[in-house]
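So this first bit is one chain, no partners, the form predicted alone, shown in structure tokens.
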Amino acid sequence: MADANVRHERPLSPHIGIYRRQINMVMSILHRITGAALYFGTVLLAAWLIAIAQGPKAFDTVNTLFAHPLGLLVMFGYTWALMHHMFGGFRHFIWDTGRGFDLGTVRLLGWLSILGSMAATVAIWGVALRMRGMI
């Protein structure tokens, strides 16, 4: 009869602590985080739309909150999350077509996604601040 107390050495499952960070790993994590941030940021967008519907006083109140430096920081982050998630979606769309799976292309798409989201966010905010006469 076999001894029930005998322990066999089993290999450990791979986990994040043993992998070297790669751009595709970081992009996957950021894609999930930005998706969650967009969920909560959309509540702010809904509050702004509701304020429009309630009239000028409510709209001015919400605009004052969003114009505060902390509000601007939150809106900048929301814009970046939206752009990053969009560029990540483009990356996934390319993969859905069956292309871009070689390691070099995976890395390139990851870097293009992060750099593109940053550039798009800065461009959007540059145009918006210029239109408001702030720069």
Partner chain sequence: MSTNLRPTASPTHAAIRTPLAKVRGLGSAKEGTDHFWKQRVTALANVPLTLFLVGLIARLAGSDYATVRATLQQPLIAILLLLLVLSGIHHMRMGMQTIIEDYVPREGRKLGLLMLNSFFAYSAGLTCIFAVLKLAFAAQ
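Numbering follows the first chain given and starts at 1. Because the structure is predicted, anything quoted here is derived from the model rather than measured.
FYI, the form predicted in complex with its partner chain isn't displayed, but the following is about it.
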Evaluate P56 for contact with its partner chain in the predicted bound form, applying a 4.5 angstroms cut-off between non-hydrogen atoms, and reply yes or no.
-> yes
Does its partner chain come within 4.5 Å of any heavy atom of N63 in the predicted bound form?
-> yes
Indicate whether its partner chain has at least one heavy atom within 4.5 Å of a heavy atom of I124 in the predicted bound form.
-> yes
Should Y39 be counted as a contact of its partner chain in the predicted bound form, where contact means heavy atoms within 4.5 Å?
-> yes
Answer key, its partner chain contact in the predicted bound form at 4.5 Å (heavy atoms) among V26, L73, L45, L108: the residue is L45
When you measure heavy atoms, are I52, M83 and R132 every one within 4.5 angstroms of its partner chain in the predicted bound form?
-> yes
For the heavy atom contacts within 4.5 Å of its partner chain in the predicted bound form, list the residues of 83-99 involved, in sequence order.
-> M83, H85, M86, F90, H92, F93, D96
